[in-house]
Each structure stands twice: as structure tokens, then as C-alpha cells.
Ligand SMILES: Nc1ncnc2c1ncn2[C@@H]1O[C@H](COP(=O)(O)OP(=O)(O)OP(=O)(O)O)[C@@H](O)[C@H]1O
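There is one chain below, alone, in C-alpha cells, taken in the form predicted on its own.
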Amino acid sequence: MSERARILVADDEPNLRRVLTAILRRDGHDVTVAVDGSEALEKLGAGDIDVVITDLRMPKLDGMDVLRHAARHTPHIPVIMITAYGSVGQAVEAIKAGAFDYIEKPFEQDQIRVVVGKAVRHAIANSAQPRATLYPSGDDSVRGRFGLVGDSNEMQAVFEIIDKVADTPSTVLITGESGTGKELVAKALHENSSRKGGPFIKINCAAIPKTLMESELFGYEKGAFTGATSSKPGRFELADGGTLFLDEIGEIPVEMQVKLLRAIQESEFERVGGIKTLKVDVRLITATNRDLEAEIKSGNFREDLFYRLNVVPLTIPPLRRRRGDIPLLVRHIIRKFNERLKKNVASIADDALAALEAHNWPGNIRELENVLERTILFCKGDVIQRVDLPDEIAAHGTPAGAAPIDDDDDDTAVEPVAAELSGDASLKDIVRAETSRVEREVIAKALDETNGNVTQAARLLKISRKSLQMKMKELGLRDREAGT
């Protein structure tokens, strides 16, 4: 997604729809309109929406209904509420229920542009959020805890920390690569605490301009700056009695870090332009994909703030370190996109699953979900085959010159790739051959260490037993199998 966004405007007032549409299209956005909440949900369900702007009060279904539906089904899409003067209390409740922000009528064009700009940046930062790690309660076919999928040792370690610290006031710093599901872990910490009845307020610090960071966190008073036509609470204030999640905490400007440190230490702050000190009861959870200790050395992050945030460190493993969870994730993603895309994909072939397990997944679960959504959209049958996967994924684990794998073949091993390639070999041929050689050595070592026990070797390699058997067949290792 670029800075140009696809925005849904839902309002029962024709004039307001026309004004908003004109402003947004003038700024280069694509605009879709809905005359009530029911039509808004229909268009939101059709997809291709990045940001929702909805009036709080509408016929049929109101803005809160739209918000609740979006929070359940499209939590990555920011929802902006429009409220009439005097209904700010309801708008604040909407923020606590998950709305991105609110705009009070009558509004100015600059105010709309600022709020929409923040929402678009948030949508870009959270594009294709790793929602695949969520699964419906009661879904026994997907194993995990706290609404997170996985039964690998790495995820069990995460579950153990959540278990121990969820119902404490301690500050948690969640670290991990982009796309690993840090926000989902923060949500799990909140929902398994005594604060679960309170608000869960989140803010992506990377999506907020530096000049607006203070007013976003602490709010502002009427007249504090140009355009501040009324007072507005900040995220700390909105999170009172609940949890505040600051994502991408490493993006907070150094000059703001002192004020943040004070708010954490003293549980108090002042709104921008205000003189009254406000006290709040907030549990703080932060997340980053940066190395904050390196940022401290470079002068970009305060050491005292780091130690205040890092009371409980919680690291989310990248997908390449929990490959054994890929079959579980794939099963759930297929089920989820069948429902969303109105498809009927039943399963995935073993060799296709092996290719997914062999990929390095630099984009983690977010990348896995994107790959499978695209694959399900264009899949010709009801079973995902290796050929249905993107070329860069399907190429994994296929030795140069090897014949396609057929489950009906006998156990005759496919001859491994010759170590020497002719001078006419392409770079792709060389890479595939070298990959096969390394895979063969690693698998052979695992089989030696487990006396040929395939089940134990698969556990050691963190892949499924079936995938290991397919890989052994490809690489001519079937004669080493001693049993299960």
C-alpha cells in the first residue's frame, strides 16, 4: 500500500458524504461510500478497504456496530468515528472499544487530513497483520494457547511467560521480527489479566508524526495549538483502568522519551496546553523489532527508559525457528480464507507443505498468510499443490533435474543431484544443487543421531514426520529409515 488509500465513508447525511469524499479524493485517495451501517458492513466485507470513516449515529446499524464488526473481522483496518458536538463521551467509549480516532462535527479540512493521514500510516504499518495466528475458541484441530497457534518448544516458552506475568502490573517489552505477532501477544497479556474488563488501547508509534506524538499520548486542551478547537484525551487517559500497548516503541523521539518515562514512573502527566496533573492506572506493554540496546549506544534511546520498559522481556521467535508450527498455521489459514474468499480448498499436498516448511520466511507469519491468500485465490483444485505456490516458494527442496514427486511412486529413491554441475549450469541450478547437498547432510546427521528413527529426527529438525519422509525420498535417504 502507498500513501494513497482505499477509504470507506459511512454516513447517512448526503452533504457530509459529499464533503468528505471531495476532501479525500483531492488528496488522492479512492473513496467508497455507504448510506448506513448495514451497507458499510457489506462493503467492508467485500474487501479492498484500508481505512473506515463512520458516523457514530446511523439508521439500521450505527457506528458502534460497524466498529464492533471491524474489530472482530478486520482488526488491522483503522476505524475513525465521526461524532456530533456533545457526543464526545460516546466517541471516547468508541476509542476504548478499538476505534483508531474520532472527529467532532463541525470539523475543518485540516483536521480531517491529519487524522486520516495517521490512519493511513497505521494501515501501512499494519498491512496484512498476522491475523492467522488467531483461531476461534473451540477449534480443537488447531493447537495452542491464549488465542495463539503453536505447540513448538519455542511457543511453549512464550505461553509460559504469558501465564506467569499476565495478571501482574509489571511492564512487558515484547521483541521480535516484523510479522511475528507481537500485538497478538500483547492482547493475550491483557485478556488474561484482571484488567480484561478495562480498555486495551494501542498505538503504533511509527505511524505518528513526531510533532503529534505528545498530543497522541497525553491529549491536549482547547486552544493548545492551531486546530485544537476542543479538548481531547490522549491514549494514556483512555487506557485508565486497562492496558496501553505502545507498538514500535523504538520510534519515539528522544525528546519525548523523558516525558514518557515520567508518565510511567509517576503514573501522571499533563495534557498539551494544560496545567492540571492527571493521574491514571495503566498497565504498559511495549513492542519493538529494533535492538534497543544498540539504539542506546547510538544515542537514539534513553537507557533509563529502556530499563523501565524491560522489566519483563518477552521475545517472539521468528517462523523459521518454529517450522513445526507451520502445518498448524497452514490448516487454520486455509479454513479462514475459505470463509473470507468464498473458496472451498480442502487441504494441502504433502510436497507443497514441505516447500512451505523449507522456506526461510523473512516476513514471518504475515508473509505466510499473504502467500496462502494468493495461493488460495488462484488454486485450480480443492487441494493446494506445489505448482500452485509462488515460484520462489515451490522451488524449495526440489533438486535440479529431479522428477516431480508422486505419492503413488514406489520407494525407489530419487537419485540425488550430482555434486558437479556442467559449465552451462545457471545460478538457480547451482543454488538448488547446493541446497540439496546441505539438506542431505543435515537430514543424514539427524537420522544418525536418532538411529534412523524418522519421528525423532523430524522432531529434532522441527518439521513434520511426513515432510521429512518426502524430503528423504527426494534426496535418496529412504534406505536409512529404521522405524518410527
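For every residue, the number given is its place in the sequence shown, counted from 1. Everything numeric in this text was worked out from a predicted model, so none of it was measured.
Separately, the form predicted in complex with the named molecule exists; it is not shown, and the next lines address it.
K.L.:
Would you point out which of 214-222, 374-382, 149-157, 92-100 contains residues with a non-hydrogen atom within 4.5 Å of the named molecule in the model of the complex?
P.N.:
After filtering at 4.5 Å, what remains is 149-157.
K.L.:
Please pick, from I348, L244, I365, I326, the one residue with any non-hydrogen atom lying within 4.5 angstroms of the named molecule in the model of the complex.
P.N.:
The option sitting close enough to the partner is I365.
K.L.:
Select from the listed residues R386, H190, R271, H332 the one whose heavy atoms reach within 4.5 Å of the named molecule in the model of the complex.
P.N.:
By the 4.5 Å heavy-atom cutoff, the listed residue in contact is H332.
K.L.:
Is the named molecule in the model of the complex near all of R195, D240 and Q257, within 4.5 Å of a heavy atom of each?
P.N.:
The answer is no: none of the three residues contacts the partner (heavy atom, 4.5 Å cut-off).
K.L.:
Taking 4.5 angstroms as the cut-off for heavy atoms, does T180 touch the named molecule in the model of the complex?
P.N.:
T180: yes, in contact with the named molecule in the model of the complex.
K.L.:
Whether K336 contacts the named molecule in the model of the complex should be assessed with a 4.5 Å heavy atom distance threshold; does it?
P.N.:
Result yes; K336 sits at the interface with the named molecule in the model of the complex.
K.L.:
Taking 4.5 angstroms as the cut-off for heavy atoms, does L184 touch the named molecule in the model of the complex?
P.N.:
Flag for L184 set to yes.
K.L.:
Within 4.5 Å, heavy atoms only: does N289 come near the named molecule in the model of the complex?
P.N.:
Contact with the named molecule, yes.
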